[in-house]
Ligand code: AMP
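Here you get one chain, nothing else, as structure tokens; it is the form predicted on its own.
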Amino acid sequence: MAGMKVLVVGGGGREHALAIGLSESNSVDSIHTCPGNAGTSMVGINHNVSATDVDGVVALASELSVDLVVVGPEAPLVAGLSDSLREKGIPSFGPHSEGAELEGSKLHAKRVMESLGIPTGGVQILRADSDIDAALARYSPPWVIKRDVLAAGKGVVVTEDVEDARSFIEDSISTDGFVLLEEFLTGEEASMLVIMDESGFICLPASQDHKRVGEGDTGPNTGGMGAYAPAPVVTPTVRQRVIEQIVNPMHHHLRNQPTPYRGVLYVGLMIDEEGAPSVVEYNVRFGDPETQVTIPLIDSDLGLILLAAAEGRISGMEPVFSKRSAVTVVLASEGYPGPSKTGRRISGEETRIEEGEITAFIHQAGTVRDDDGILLSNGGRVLSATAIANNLPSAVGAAYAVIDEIQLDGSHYRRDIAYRAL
């Protein structure tokens, strides 16, 4: 299908990566983003409609007569954006609200996994009348405590401090009514993005995210401080085990629901020393920053792939993937992952490297331009430096060469992205 008009919903680094990938697709003629950021405005047209304004997004998609809507964040999916778009006959890449509950409710996801025999950690549901100390005693530290809400990747505490664990449990119960205490899974984490619909699925190259704010995976959880792909911990043997034990049973479950799941299923994995995979979490959208390192490794037309999934015919696609490596390093505002300083001037964002087989550039996220065209920070994670090269060390070097040229007062970034593979 030539000349598609595509609307990308969201305004982060993930959406900038999707917009760039779509702009390089021969099938796509024009790109619109809502609300977008300063980066998406350079590859298409931004519209001042919030991603969570379901009625507003549907109205915009109808007004623009788009051929495809690609939903980035999870909140509008849980709120039923894809349901509403499909009622209007507009293809939407993103699951319906019921399918989105795999991310909207961690308890729901656990129950589905248990019913399907998918390997995952044990879980206890703690409420106001629960014996917290007895629950903690059932698992060895560190303890994993998860709020059953959408929290942008930050509703989880992993701690060996019993007082910190008890405090977060009590606060979460007070706020939400209950909280999940999960068994800590040991091993190395990885992420697999699986594009699926009722006809089949396609597994994208596995990646590894860096969720903690500090070097060596220390400090509080964030939305992600960097990523790289492919992740060598997912060997061909591990990949096959993930497909057989985790992806296949979930796909079989989802394809047999009354409304088909059409979009991407993010599988957060823990790989133990024997190469056995378990599920840490499911998300129902492209990961951020995993998208920034996965989309550049798709050599086929991204627009055609996403449209095929939105229309329930992904089994007919045979995408080609690059054998290269990709790395992205996130630059965060002062204070992140806590309250962040915004509105500060950014410079150096046009830095780019094109040297032989190496390409490195900026994915923008929390950015905005003022009336004078000055680029300003507008969020916790401001931008990321992304590099693609024939090997991982070259990609890492290029990404850091680019991010070192960015000036933003008070900003910080991790200097050890991809350290496990290196």
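Keep in mind the model is a prediction, meaning the values are calculated, not measured. Just count from 1 along the sequence shown to find any residue number.
This protein has a second form, the form predicted together with the ligand, left out of what is shown; the following refers to that one.
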- Query: Pick from 322 to 330, 169 to 177, 234 to 242, 155 to 163: which stretch has a heavy atom within 4.5 Å of the ligand in the predicted bound form?
  - Reply: 155 to 163
- Close approach of E101 to the ligand in the predicted bound form, 4.5 Å, heavy atom: no
- Is V213 a contact residue for the ligand in the predicted bound form, using a 4.5 Å heavy atom cut-off? no
- Query: Within a 4.5 Å heavy atom cut-off, is V280 in contact with the ligand in the predicted bound form?
  - Reply: yes
- Might A75 be said to contact the ligand in the predicted bound form, defining contact as any heavy atom within 4.5 Å? no
- Message: Please tell me which of A206, M270, I314, I118 lies within 4.5 Å of the ligand in the predicted bound form, judged by heavy atoms.
- Response: M270
- Of L136, V112, L185, L150, the only residue with a heavy atom within 4.5 Å of the ligand in the predicted bound form is L185
- What residues of 188 to 224, in sequence order, lie within 4.5 Å of the ligand in the predicted bound form by heavy atom? E189, K211, N221
